[in-house]
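Coming up is one lone chain in structure tokens, specifically the form predicted on its own.
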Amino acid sequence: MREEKVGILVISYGSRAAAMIDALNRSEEYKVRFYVADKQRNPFNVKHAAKHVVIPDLDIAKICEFVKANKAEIDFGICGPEQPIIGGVRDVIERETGVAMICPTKSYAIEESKVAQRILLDECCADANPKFKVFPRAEYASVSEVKRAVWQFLDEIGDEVAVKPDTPAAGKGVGVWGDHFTSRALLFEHFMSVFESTDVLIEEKVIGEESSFQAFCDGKRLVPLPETRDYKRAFDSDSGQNTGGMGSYKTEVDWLPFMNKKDREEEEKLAQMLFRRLRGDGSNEGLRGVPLYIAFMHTGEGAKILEINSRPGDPEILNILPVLKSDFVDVCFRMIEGNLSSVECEKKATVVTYAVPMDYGGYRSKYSGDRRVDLSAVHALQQKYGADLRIYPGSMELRADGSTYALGSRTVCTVGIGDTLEEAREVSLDGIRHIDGALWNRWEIGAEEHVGRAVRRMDELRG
């Protein structure tokens, strides 16, 4: 029986925060009260919050005022979305209220600059760093000048490259040769669309299979979580534009089917090298939370690092939180206290599938129809599956008429849990089929054919 009461601030945008609230609420040691600072009236968060405030731009000063008004009842806070972390939400809240936050401080919000990431990797694990060149906006006086510089670098490295914005773009600013452009003219067109607003990074295109590495951190230690695989591209067969992530999967073990134990150990070694470089000697509580969510590409020559983030992945953390065996409230306290030594997960497979609006990801150029979404049938389906089906609303709003509406981004996800990947996938898709609304989704997240193709590809790359 839960007896000890704890108040938790949750800074929310999307399904990631709903999954956090769900995991925290399953605590058997604590009776949790939630104080949610939300981008909109997310129906899941409204249902579970003791106090809920809508801050559409997630302005840090407004979040801090909310914390001050409820300071006596809040024991700690946790932040999911990247923008408040980059803006220094932890620094401000801890300085002005004394409430401990679980997320890195502003100085360790490493996703603020992809250029800074490449420089960091060159300093501590250069072998995992793709070849790259930075194109700063301030250095070029004309389009023709920057075009000459781009052409010169392509002459050196070849045309098969990735073009990336320096600043965060939720995975949507990246262009890759063969996927988004197939000529230098189209490459440069994409380059200039990014260059209008930020410095640009051009990197060699790395061929292989991608995995997502995440770890909790107490400032002293990095505690790895099971491996996940994200599906960034909008449509089945990995076609279409990059999105925030259409879904993801994990297996019942800590690594993915196209990986082996040695691959996992290589990832952990590289992550620890990065962590020690950032931490310095001893302890550095500025790294508390999930300071290293690393996108790896496994190639025939070992693992390469595509990017690093300083917060949990969305959707990848949704594969992990529903199967935590460790009490998540206790894990949070241990991160704050600096004594987190391990995290235990159930040996289960999970599949996350997102349902998204008709005009998301280029599925339709325009949609002007009804955006109401009814989740009653999928919630009723939980009578069949119990805890093996989780439903996490994301970019969805509860309005005054009592109905829920899809907004502009990923609307809602279903998480299926099973003893095997196929079992988990069937639960997730059954949930998706019971959502009533003008939404669409990918159907092959975690599918045997897709997973098998990745295994064969890695076998070929390894020779």
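In this text the structure is predicted, and so the values were computed from the model without any measurement. The first residue of the sequence shown is number 1, and the count goes up from there.
There is another form of the same protein, the form predicted together with a small molecule; it is not shown, and what comes next is about it.
- The small molecule in the predicted bound form is approached by residue 232, whose closest heavy atom lies within 4.5 angstroms of it.
- Residue contact check for residue 83: none of its heavy atoms lie within 4.5 Å of the small molecule in the predicted bound form.
- For the chain shown alone, residue 222 is not a contact residue for the small molecule in the predicted bound form, no non-hydrogen atom being within 4.5 angstroms.
- Contact annotation for residue 205: at least one heavy atom lies within 4.5 Å of the small molecule in the predicted bound form.
- Interface residue among 115, 297, 128, 150 relative to the small molecule in the predicted bound form, by the heavy atom within 4.5 Å criterion: 297.
- Only one of the listed residues (267, 75, 91, 210) places a non-hydrogen atom within 4.5 angstroms of the small molecule in the predicted bound form, and that residue is 210.
- Residue heavy atoms within 4.5 Å of the small molecule in the predicted bound form occur in exactly one stretch of 332-340, 299-307, 271-279, 356-364, and that stretch is 299-307.
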